[in-house]
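One chain comes next, on its own, written as structure tokens: the form predicted alone.
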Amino acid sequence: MPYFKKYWQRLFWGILALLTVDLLQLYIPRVIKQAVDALQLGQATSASLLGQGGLILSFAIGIAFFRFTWRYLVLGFSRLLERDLRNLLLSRLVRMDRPFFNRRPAGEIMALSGNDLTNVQMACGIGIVSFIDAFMMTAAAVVFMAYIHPGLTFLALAPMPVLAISTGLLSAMLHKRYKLVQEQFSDLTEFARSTLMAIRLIKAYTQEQRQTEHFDRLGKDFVRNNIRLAMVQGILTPFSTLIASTSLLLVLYFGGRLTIAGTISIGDFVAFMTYLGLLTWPMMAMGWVANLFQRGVTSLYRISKVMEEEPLLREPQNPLPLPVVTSLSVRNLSFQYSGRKAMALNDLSLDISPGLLGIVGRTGSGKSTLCQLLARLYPVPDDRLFMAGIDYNQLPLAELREKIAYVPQETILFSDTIRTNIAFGRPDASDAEIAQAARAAGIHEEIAAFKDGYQSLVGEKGLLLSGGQRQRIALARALLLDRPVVIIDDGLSAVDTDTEHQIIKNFDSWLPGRICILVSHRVAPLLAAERIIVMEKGSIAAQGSHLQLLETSPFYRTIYQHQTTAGEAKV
């Protein structure tokens, strides 16, 4: 509704042009009636017929002009509406939090911004036009027909209630079946997206045939339900045509008898038939319009369900000013992912001061969960996380995140240049600043060796780079932000040991006054850490320096001995 209000002038003039077209179309039969009656009475002359023909031609020119006008204005409105809704949907999506995207697969979101938005656009464009046109043409044609002969008009409209009732019943069935089709389209889109994203893995495991067969099954189900939908759609239009033809048959029979009896003139009969012809399209269009509206309503409902969702991470009502980041604290923090029985974190407490903090532990011990909570990606209860002694939940969400540079476990690169990927958080950064961040991440020399340097394209998700190069570009992106807190969640796992040592060494001049949390499955990069914590089953099993842990933690001692003996073996 806000968009209808926003573009009301465009709609007003567009609908006015549409009504003008209808008025001109409705007046043409009156001109034809006058010409036919004049011919019957022998009063027609070449000049009068030429004048009436010229009048019809001028009406036709006017119809063409105003039809172009309403199409430009009203159909243009539907495109503007589609654009605005798409922008609104995207702006809503980027504000949603991790739990939302855990529930909503990307394929469903893509279907909403594709097929569903197109259906809303069609309903609010040609659908509204057709409805108004059909309604006005029906009302005006009925008035003109009743003026000629009320009884004949009643006979012509007698089949209409049957059309109205059947359209209502079929529309309800249409809504149900179309909802199922759209849900299946979401599944189909998600499967195609995930297949393309994992195409290298699929080829490595020679699963092309299996994926193709699965996609084929989804496609057949989609087609089968589309055919069931088309069966309902296929009934609507032919049934509307049948009703219109029935009306035509009644008028031909009874109207012809009235003309023979002299009750109405031949001109009246021709005009009546012309009006009935104008009425035939609205009667036939009712089913098509109902189909458009049902599709639009179903799609709008699906979009609205997403738009109505609220992020679990909320802005505080009375936010406190952001402090200077001198520490991070965790107090009795427990966390459980939705739909899982096991606790990811269990009554964890931790104080983090400036310097390098290492975190190590088995897979599933809660390392990544702790990083994501510290990066403010999931909601936590009050009095669990603190920045410089202030509760996370009392600080502005965006400003808090702007104090933290987060390098996730999964490296995310955009299909763009290396420069754009590094400068993602600071698009206005200079070339010198970008190069400095790349040097700190141990990737500058390799970038400089590329043919196009920092302007080299990385491909889809960094396809053209090695795993280690992708990780170091992601690290450079975080370092460029120059934030007081940096969280690196196993972000050096694909980097060789020598490069890893060099990167950690580069941190020496960068770390003073900053908090750096480094999660790793390898002990080697953690040796420079002032403190290392060992996590197990969502809790801290041990903590201390490297030497202290060798004495107090059997797990740490075991993996250290194993890795120093077996090289790069991981936990």
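Quick caveat: nothing in here was measured; it's all calculated off a predicted structure. Just count from 1 along the sequence shown to find any residue number.
There is also a form predicted together with a small molecule; it is not shown, and the following applies to it.
Checked against the small molecule in the model of the complex, the residues 247, 493, 469, 365 give one hit for a heavy atom within 4.5 Å, which is 365. With the partner removed from view, the residue among 378, 131, 424, 293 that has a non-hydrogen atom within 4.5 Å of the small molecule in the model of the complex turns out to be 378. The chain is drawn here without the small molecule; in the model of the complex, the stretch among 107-115, 477-485, 366-374, 426-434 whose residues come within 4.5 Å of it by any heavy atom is 366-374. In the model of the complex, the small molecule stays beyond 4.5 Å of every heavy atom belonging to residue 217. For the chain shown alone, residue 337 is a contact residue for the small molecule in the model of the complex, at least one non-hydrogen atom being within 4.5 angstroms. In the model of the complex, residue 89 stays away from the small molecule, with no heavy atom inside 4.5 Å. Although the partner is absent here, residue 344 lies within 4.5 Å of the small molecule in the model of the complex, judged by heavy atoms.
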